[in-house]
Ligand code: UDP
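Here we start with a single chain on its own, the form predicted on its own, put down as structure tokens.
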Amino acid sequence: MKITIIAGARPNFIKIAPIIKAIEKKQNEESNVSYRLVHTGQHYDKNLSDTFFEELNIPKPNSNLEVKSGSQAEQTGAIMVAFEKELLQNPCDLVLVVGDVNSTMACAIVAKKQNIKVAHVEAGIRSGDMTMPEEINRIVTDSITDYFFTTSTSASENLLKYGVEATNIHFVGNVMIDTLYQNLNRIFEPLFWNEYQLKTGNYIILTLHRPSNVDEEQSLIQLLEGIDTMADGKKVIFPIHPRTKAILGETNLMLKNILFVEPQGYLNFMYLIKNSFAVITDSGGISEETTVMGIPCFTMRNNTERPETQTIGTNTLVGTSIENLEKLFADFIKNGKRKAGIPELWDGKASERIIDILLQK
């Protein structure tokens, strides 16, 4: 079996790393399986791309399509044009896509139009929010996928509602958690740890990148000022996304607690999360990692495609208002951590299950 694996953006790199390890393990056991890694170039900043390949020991991509940024349509179109050429030159039996970025959808479409089977890792998750580009990517990808690998029973149920044959749905667990478990003994403190006098439990992690939170400068400033006040003396470490940084521009913010840092590599960032007091984010993936590490997480969104992080894990859905965040954070300060657990099959073996299943096809 020849598998072409697609990676385009930071979350993809984290998800493909254990899948590649699982394939290489099968190769060592003399299974007839090979892979070709295609990096679309959707994330091309070194801190958002190269660093993850180095830290997670992901082999150098066989091909980099180098599409870079652009509008949703420009980026998707550029990926499709480049990947069509790549696939014609390097035929395969299966294209494996992960997550829900533009690369996921674009490469799935190209593969199907060349009559190549598609496997979607992290299939079936839904937020119900059609203003999110990722939601559209998920729906389109799942509408043409052949093999669906889900992180939760709720994702599997979503697919059944869409009319997917039950025999094509495989609840395998969460590959992001595979990567977390494989690297927990390798995480280490960032260079600014001592400079900012950080200690376990004395700081909050903040990440913001979604348009609803960062696209309008004044509302972003109000949100940051509110979080700064709410932190009440605790440092807030904010690895600022290049796009968010550009929106703030040269604005002179008078913040006492928020410290802006560069985007972090995986090993530094997981160290920061594991040792934090709490996390405030608008990322879905981070709410999965905080759930496994038992760190309280406050998600600045009106919906989540990962409901298990709320019902079982440590995640609290906040909405996008600073007032609601202040209220829920105050409740947390007053009552402490709520009881939480780890979702079923988030055990570090999802990637092995995926490859085992594909080799039986």
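Computed from a prediction, not measured in an experiment: that's the story for all the values here. Numbers for residues come from their place in the sequence shown, where the first is 1.
Just so it is clear, the following notes concern the form predicted in complex with uridine-5'-diphosphate, a form of the same protein that is not shown.
With uridine-5'-diphosphate left out of view, the stretch that reaches within 4.5 Å of it through heavy atoms in the model of the complex is, among 260 to 268, 217 to 225, 102 to 110, 68 to 76, 260 to 268.
For the candidate spot formed by 52, 176 and 284, every residue has a non-hydrogen atom within 4.5 angstroms of uridine-5'-diphosphate in the model of the complex. None of 170, 117, 210, 126 but one reaches within 4.5 angstroms of uridine-5'-diphosphate in the model of the complex through a heavy atom, and that residue is 210. At a distance threshold of 4.5 angstroms between non-hydrogen atoms, residue 14 is in contact with uridine-5'-diphosphate in the model of the complex. Remark: residue 190 does not count among the residues lining uridine-5'-diphosphate in the model of the complex, judged by a heavy atom distance of 4.5 Å or less.
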